[in-house]
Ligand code: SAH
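Consider the single chain below, provided in structure tokens and representing the form predicted on its own.
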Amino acid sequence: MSRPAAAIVILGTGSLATARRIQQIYPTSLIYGLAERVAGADRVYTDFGANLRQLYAQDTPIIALCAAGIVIRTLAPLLLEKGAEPPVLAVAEDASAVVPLLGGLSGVNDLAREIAAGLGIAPAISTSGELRFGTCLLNPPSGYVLGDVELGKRFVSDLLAGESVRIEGDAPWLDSAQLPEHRDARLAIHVGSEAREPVADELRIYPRNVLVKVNAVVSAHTVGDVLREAKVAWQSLACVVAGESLMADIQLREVATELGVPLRFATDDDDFAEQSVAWSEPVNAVTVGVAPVPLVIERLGRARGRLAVIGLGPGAAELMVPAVKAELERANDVLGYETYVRMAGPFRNDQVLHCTDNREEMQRARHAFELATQGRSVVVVSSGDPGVFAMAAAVLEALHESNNPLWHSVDLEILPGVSASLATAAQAGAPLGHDFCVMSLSDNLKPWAIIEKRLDLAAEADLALAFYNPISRSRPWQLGVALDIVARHRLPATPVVLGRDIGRPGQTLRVTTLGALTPDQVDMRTMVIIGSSTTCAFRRADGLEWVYTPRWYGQKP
């Protein structure tokens, strides 16, 4: 059985030891700990209910180390509109009990048995069918799918009432089950991919052993017609395979989504003989292939590669947007400047990290595309927002310069993050509350003369200014020049915000004035925000200062 990438959710440090024991059973799982209560968790959260509901909505298996009642009350609002239901279990903090709560059709009892075996206890399983027969007939193993849940419930009920059963087809996972088998039984478990009408006395289980290969974009309706003509059950469809030239076709992706199967891409030389696929004659640009056993999807051509350029925000986990967290969870490969990659972790053992120097942006972008064209899910990490002096521009530039059609077929997405300027501004109040200008004072990628010109014009336009890369050992003089330029257009009393490592451990925030600011107060990790002529500062109740730029300009409305 494949091990799930589960979320092990804990509320306090008292649960951490048990959580680590469970993580040894499922090494790809992550421990989620409540912020400010748990040190050493893989992920932190601030709201237990919101975190649990989000994991459930993402179809993530949940192992909650807390009372079962807390989990039930938290997830109850989601159960009325149940779609996919991931396994949900409650485990006692001291490892004395394992209680499966939800996901009977997605293997929750199997997980309960595995966790209980790892902890050396007995699972609290109460499902009648599993207790009697040693297996959940309505939850066939990976590679198989149940035909009709409602008919299946009636079928199991009849078995529990004393009926016997016969097995038709190949069902090796039932060899060790304690089923009341009889060759003349009225009830039958039928395993096969042929199309036939469902009947009440038959439990239909379909092997996912059918694929369709298309050489043009077709509709889901056409695929269904071809399957019916071939007398193949649509429930056995495991995959749609298309040529690589169709990789970027949106309509084809919608067809696969409508059919509820993955979309893979192959060359003309791929015949999938390794999996003994037998092909029918093509009909309406569709060819049906049937294998004797469930197909291994990962060996059917390759997936469309995905490349996400993400922003981690300023560093604090709670300031990372949920879409970025989800992207990191699904990634096969993570690329970036090592400092930022480490900030994005921890990572599962199966995730590959590619750490490079901060100056190797174009090389990193090209490497990301090469990985993605192999069908992998790739993440390029930036701090802050990827589109603000970060990797999004480099990735798009690499793609723009490339004539490789596979690169242009990659599923590319840019996911935003909280930029350092916005994080610093929020800590100080709202110094960027009106029009503002964001500039990098680094002349590594642009001439200093351009920086001086833009500074002068922005300051003359009376824009609030946010400086990235304000100073470094190799550029000790440039901030002083920049401040002299701004001072031509600003009063010495203009408020200035200095935010160092905002969102990271040891962050500092200080409010000063343009007249009092000197370059020695700033380093490379400091964000400098200089107000406009309307920016105000006033004392807070705690003795610090709020800084804001009002939204009106000139005369108050």
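Sequential numbering from 1, following the sequence displayed. Small disclaimer: the values here were computed from a predicted structure and weren't measured.
There is another form of the same protein, the form predicted in complex with this ligand; it is not shown, and what comes next is about it.
Enquirer: May I ask you to state whether residue 29 is within 4.5 Å of this ligand in the predicted complex, using heavy atom distances?
Expert: No, residue 29 sits far enough from this ligand in the predicted complex that none of its heavy atoms falls within 4.5 Å.
Enquirer: Evaluate residue 368 for contact with this ligand in the predicted complex, applying a 4.5 angstroms cut-off between non-hydrogen atoms, and reply yes or no.
Expert: No, no contact at 4.5 Å.
Enquirer: Can you work out whether residue 110 and this ligand are in contact in the predicted complex, taking contact to mean some heavy atom pair no more than 4.5 Å apart?
Expert: Contact with this ligand, no.
Enquirer: Is residue 378 close to this ligand in the predicted complex, meaning a heavy atom pair under 4.5 Å apart or at it?
Expert: Looking in the predicted complex, residue contacts with this ligand do not include residue 378, since no heavy atom lies within 4.5 Å.
Enquirer: Heavy atoms within 4.5 Å of this ligand in the predicted complex: which stretch among 501-509, 486-494, 43-51, 62-70?
Expert: Partner-contacting stretch among the options: 501-509.
Enquirer: Which one of 436, 272, 468, 407 is close to this ligand in the predicted complex, taking close to mean a heavy atom within 4.5 Å?
Expert: When this ligand is considered in the predicted complex, the option within 4.5 Å is 468.
Enquirer: Only one of 420, 428, 432, 203 comes within 4.5 Å of this ligand in the predicted complex by heavy atoms, so just point that one out.
Expert: Looking at 420, 428, 432, 203 one by one, just 420 meets the 4.5 Å heavy-atom criterion.
Enquirer: Which of the residues spanning 380-405 lie within 4.5 Å of this ligand in the predicted complex, based on heavy atoms?
Expert: Stretch hits, in order: 383, 384, 385, 388, 389, 390.
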